[in-house]
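Laid out below as structure tokens are two forms of one and the same protein chain, each shown alone and named structure 1 and structure 2.
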Structure 1
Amino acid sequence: MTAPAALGFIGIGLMGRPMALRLLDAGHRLTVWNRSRDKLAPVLARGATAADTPAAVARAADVVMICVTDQRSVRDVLFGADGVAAGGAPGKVVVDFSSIAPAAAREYAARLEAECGMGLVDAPVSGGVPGAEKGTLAIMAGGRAEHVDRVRPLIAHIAQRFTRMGDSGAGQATKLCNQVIVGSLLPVLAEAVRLAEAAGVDAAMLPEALRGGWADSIPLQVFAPRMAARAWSPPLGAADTMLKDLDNALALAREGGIELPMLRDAAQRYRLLSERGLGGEDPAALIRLLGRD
């Protein structure tokens, strides 16, 4: 059994909360910070200690985990006033579960090491809120092998798979590949549900009818029922979050000089949701772009 460790967790949101709770349940000491302090209540009730700043988290913990919404938030948490770098020290490691651009992950890793000697593992996750709650996430890691190996026993509490894909930025690049698949599949699922409805078929039965066949997938089983019922609360994510990831994937494709037309078309569907004021909705809201609302 892994000995209890002094950990920090920054970002107690939709994904961060269940991840932090699993670490507490495993017996680890957890110092936490969140921009909106009221969101700390569930983890404080389970024994976490609140810090006033990210720097204070870094001073209290040997491993600092971050799960925030976007690249700017990661940068602010690491390098803003009273950020992690201000409280960091050699021998400590940051694990960033956020989804950001691979180039930013490389930049932040180099800067963090230069400013305070801390290592950085970029470790975006796949599996959504259900995976975070059950500890079955798939996590793709980038960074030095020694840093990844050091945090591996801790990650075992929150993920069923933790794969080092290469040096800094490789985890983020792999997550973008994941998002190309999932983000492109969800608009197709919405079209399949809408086609079933138009044909007089009970769309809610699609997941069971297709289970075990080549069309089966976790997104089919999770999102098709939500689409058929026009019910997606509580949300499993946000369309704008997916759009952010798909835009990062398109930028990476441009850097590599390649065209990804399916990805471009999928991103446009999420952009339409955002333009209609639905960017904060669960991605199942894609069905609303196809009529019969």
Structure 2
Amino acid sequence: MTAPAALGFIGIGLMGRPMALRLLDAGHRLTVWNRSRDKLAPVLARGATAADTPAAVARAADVVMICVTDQRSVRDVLFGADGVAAGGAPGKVVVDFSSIAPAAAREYAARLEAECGMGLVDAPVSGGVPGAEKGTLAIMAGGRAEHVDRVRPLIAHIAQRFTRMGDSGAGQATKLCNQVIVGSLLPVLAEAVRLAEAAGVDAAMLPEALRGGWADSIPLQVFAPRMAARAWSPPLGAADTMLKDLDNALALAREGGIELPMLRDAAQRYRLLSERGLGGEDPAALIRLLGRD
């Protein structure tokens, strides 16, 4: 499957566009669909073919990739009128890059196989738009090993890391673990910055002083300076989006019968931000909950 394959790509948005462009640049034929058709222009200009429905994408392609904003969109694209299931066939595989609940990923995989015989790999991504543009995304996959292995050569064009974590839903569960760590670390970083300030230390120097050590991380390097400067524009993401992920993680914990107190407290910080009307702000705004301004 290193030879050009017949691919489909559904969802040509902020993330989907650079991913689709990289696949086109690698020489693959791409049939594309997007709810707003005008978003297709950049990929059509590079040789992609527009389809009228997700079902038409599934008929034209052996591997259908999906990158949409939320669970409802995934469901509509797969199982709505003229959805992927209506055009799919055994032997074909869907790779869903969207972030949705693990239980939904399991349900959709079972339903897709029952309705049309297609496989489904849940493959949420980490790395944002820059990672999608550079092909350096990290992708956590769930699904049958044969399906994951089959799409691996294609994914190599868009990700530097593609790890099968288990059966359907395992990719989504791993993405939530990722969000638990990042989402809890951000309010901790706000507290470290605030403590430095309160102690008379120049908090803007923390990332440099701690670089390469146990306290270092990409969030320290990216967010601590923004927190110290009280500057969160242009935004790197919305606090409310993180809150949605943390609430999904809390729901997953409840399903598993476990309590995660640090996560619960972190989610509470984002909720406070939201209640103050700051949920649309960058998470760097978390430092505003700690006084001084």
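Here the rigid core means the biggest group of C-alpha atoms that line up within 1.5 Å when the two forms are laid on top of each other. Quantities reported herein were computed from a predicted structural model and do not represent experimental measurements. Structure 1 provides the reference sequence; residues are numbered from 1 along it.
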Only one of structures 1 and 2 is the form predicted alone; identify it. 1
Once you overlay the rigid core, does the Cα of residue 134 travel 2 Å or further between structures 1 and 2? no
After superposing the rigid core, is the C-alpha displacement of residue 74 2 Å or more between structures 1 and 2? no
For the rigid-body motion of this chain between structures 1 and 2, what is the smaller part's rotation angle in degrees? 16
Shift of the Cα of residue 223 between structures 1 and 2 with the rigid core overlaid, in Å, rounds to 4.6
